[in-house]
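The chain below stands alone and is given in structure tokens; this is the form predicted alone.
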Amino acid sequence: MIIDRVTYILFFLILIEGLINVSAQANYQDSIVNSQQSISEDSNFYKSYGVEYEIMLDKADRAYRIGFYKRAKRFYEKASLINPTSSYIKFQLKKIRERSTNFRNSLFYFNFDQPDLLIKSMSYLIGYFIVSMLIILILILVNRERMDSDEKRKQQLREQYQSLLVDYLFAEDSITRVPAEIAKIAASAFSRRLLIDQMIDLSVNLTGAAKDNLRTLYFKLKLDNDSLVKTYSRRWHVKVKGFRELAFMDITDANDEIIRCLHSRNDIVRMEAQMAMVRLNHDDPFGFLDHLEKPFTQWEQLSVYETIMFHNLSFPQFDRWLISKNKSVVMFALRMIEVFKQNEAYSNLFYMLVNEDAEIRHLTIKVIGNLKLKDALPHLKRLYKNETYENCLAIIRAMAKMPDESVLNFLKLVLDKEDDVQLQIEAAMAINNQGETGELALQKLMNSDYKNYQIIIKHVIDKRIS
């Protein structure tokens, strides 16, 4: 049943379309007949109105045929000034007025009933797109073939380089032979780039004399010049690659350029410059922190820390940078003091407790607690009253990590005077961490009639709650 209904609907639509086409064809034939009649009426008068009149009519008819109705109307009106009695001009102007009210024909000012220009334009566009697609397809295929060829060539070169480099490092009779063979293979810029990559990858796993020999070969083949050229490149990804190569091969010739890039707007260039300076500035690996003006992001901090650990680099006393004007550098210094357990930095940490920035004070309190610097307990008690809520929590948590009877009364006071439940819980936990003295103090407070602490204290001493 559904198929039959669809068939009827399609038949009905086709019938209506046929009737519309017949009607349109009839109208079109009538318009042609009327035009021919009007032309025949005016044909006796063309010669008498001169050449200019004929040119205007010719331009108007041509514009009308391709659907430029505004242009056609303008020329018909000019021609009507010369021959105001022409019925042909009047008929054409009437048709233009009728078409201008029809949205379908006025759209883009194309004549959709006689779409000569539209069809030609579409044909040209279709041809253009087909040719473009064919060209793009050919370019893709050629590029793919080239990439496959390059990959095969890379694989062959890698195998050759790996074999020669291993011989150079571990075979006694190859020290003079291998450099000459490698120089022959690495004659082009492409093969030299691949050689550098292979040597960098190999240097990661080498130490001692083997790494020194590889570095000597690097200089013997004058690959250091290639790395220096990359360092001064205007393209950021090439510059970054140069930084890495110089850092791995311990080449300090471009340190000035790397220091300049510490202020780069490009985050990647700036980060790579920082990591390069950690390895290349032998006298002061972290000296770049003195020059750092832009924010030292946590990702950059993590990258520098990984560089220290991966290459087993020596690290300085980080309290040197606690006085930096760059807040992110100060935060990094505090984290490194905590990570490397630099307890001797306490004298400078003390000044950070009164820093204007609440976030710096918060991190300082956490570092003091993690390093268990009990000398700071009197200062923490004194600062508690004027601190922010988050910093008050940090102070109590720091005290919990440093059991000391000197803070027991202070913690009882916090438990008694504070209205915030979280502060009370943290204070009770800090008291509980004081050992037997703290546990006895909690028992007394729980049995006290002065104030009901039972819920909080039971929560703290419950062993089931981790």
Partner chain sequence: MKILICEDDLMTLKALEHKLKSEGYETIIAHDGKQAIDFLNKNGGIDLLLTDLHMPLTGGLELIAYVRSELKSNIPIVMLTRVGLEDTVLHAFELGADDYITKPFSPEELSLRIKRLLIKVKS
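Positions refer to the first chain, counted from 1. Because the structure is predicted, anything quoted here is derived from the model rather than measured.
What comes next is about the form predicted together with its partner chain, which does not appear here.
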Ok, 348, 264, 198, 326: which has a heavy atom sitting within 4.5 Å of its partner chain in the model of the complex?
198
Answer with one of 309, 122, 354, 136: the residue that has a non-hydrogen atom within 4.5 Å of its partner chain in the model of the complex.
309
Where does its partner chain sit in the model of the complex: which of 380 to 388, 252 to 260, 70 to 78, 164 to 172, heavy atoms within 4.5 Å?
164 to 172
Should residue 302 be classed as touching its partner chain in the model of the complex when contacts are defined as heavy atoms within 4.5 Å?
no
Even though the partner isn't displayed, in the model of the complex is residue 145 close enough to its partner chain, meaning a heavy atom within 4.5 Å?
no
Using a 4.5 Å heavy atom cut-off, state whether residue 207 contacts its partner chain in the model of the complex.
yes
Would residue 202 show up as a contact with its partner chain in the model of the complex if we use heavy atoms at 4.5 Å?
yes
